[in-house]
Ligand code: PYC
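First, one chain by itself: the form predicted alone, in structure tokens.
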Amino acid sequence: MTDAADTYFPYEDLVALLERIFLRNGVSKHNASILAENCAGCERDGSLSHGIFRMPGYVSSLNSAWVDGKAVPEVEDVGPAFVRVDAKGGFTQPAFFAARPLLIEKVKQNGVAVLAIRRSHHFSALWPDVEPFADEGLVALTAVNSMACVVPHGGRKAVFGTNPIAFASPREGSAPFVFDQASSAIAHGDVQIAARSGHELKTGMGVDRDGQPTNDPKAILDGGALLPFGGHKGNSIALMVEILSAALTGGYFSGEFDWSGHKGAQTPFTGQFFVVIDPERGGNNVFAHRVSEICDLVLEAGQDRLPGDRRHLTRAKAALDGIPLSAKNHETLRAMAEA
């Protein structure tokens, strides 16, 4: 779902359309609103592998009864700086939103707090989860595991998910510094997009079903696997994400859940970990200024842009012109909303 634009949608209109799709496919009004804003936000900001491209996967997973669109998460206060949430087999974002007020309260009280979400389905980008914390002057780090599609460095079968991490920090005079990156050489959604468009991948991103290196995204998706970025270094990060997101939270490891009885299931059934910090407790009283200084030094050294900069430019353009959408994609979404 990435064809050239034929029309431009106001953000609110795209949210409303996506919300109708979620409602028609068994998602509660509360949860549908959260998921629609998340998906539309990804499309608005140019995160196309996690925008409307994901909608068929959402619908397919819901219709397979793999995920509970009406799940009501259970928030547990388990320590002065620790919040735990059972997502009850629903999507992660409603569980996160349910726990967020208590999490922020604990951060303000203690300077730091941890959130552990289990039995949850995360199917989006990670930056929307952490960027709002930075808008409030907080520092946030999150990690989520996914479905097994990454072979360990030197291994022979997929064990890890793409296992991304995201970090957000306030920055003086500019939008927050935010990065969101997989521990795999490429995000799984980008492999799917490349396969649909007929594009080859760069060398070192994946292997075929026989464990042989391949640049063919279809071969990776057809029984093959992705590779960790940076060899053993990315491998260590992927393993850390499994420990924080599944072992610590009580979620499933990326290769542990069984969705074979749910034809059409696509959303990983795993867990997510957050740590949120009040930087003012650091005592230097100029945290956001210092972040701006180091970011400026990086740019002065020759890096052309920082992570997240292009996303903010795309967001600003969408605020003026609307979100680009092809006629084909518009028709696909309308059909899903009316089905």
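Quick caveat: nothing in here was measured; it's all calculated off a predicted structure. Numbering starts at 1 and runs along the sequence shown.
Unshown form predicted together with the ligand; subsequent notes refer to it.
The stretch from 94-102, 215-223, 120-128, 70-78 that comes within 4.5 Å of the ligand in the predicted bound form, counting heavy atoms only, is 120-128.
Using a 4.5 angstroms threshold between heavy atoms, A140 stays clear of the ligand in the predicted bound form.
Among heavy atoms of M147, some come within 4.5 Å of the ligand in the predicted bound form. Heavy atoms of T249 never reach within 4.5 Å of the ligand in the predicted bound form, leaving it off the interface. Using a 4.5 angstroms threshold between heavy atoms, H188 counts as touching the ligand in the predicted bound form.
Although the ligand is omitted here, in the predicted bound form none of R24, S61 and G90 has a heavy atom within 4.5 Å of it. Residues of 46-67 placing a heavy atom within 4.5 Å of the ligand in the predicted bound form, in sequence order: H50, R54.
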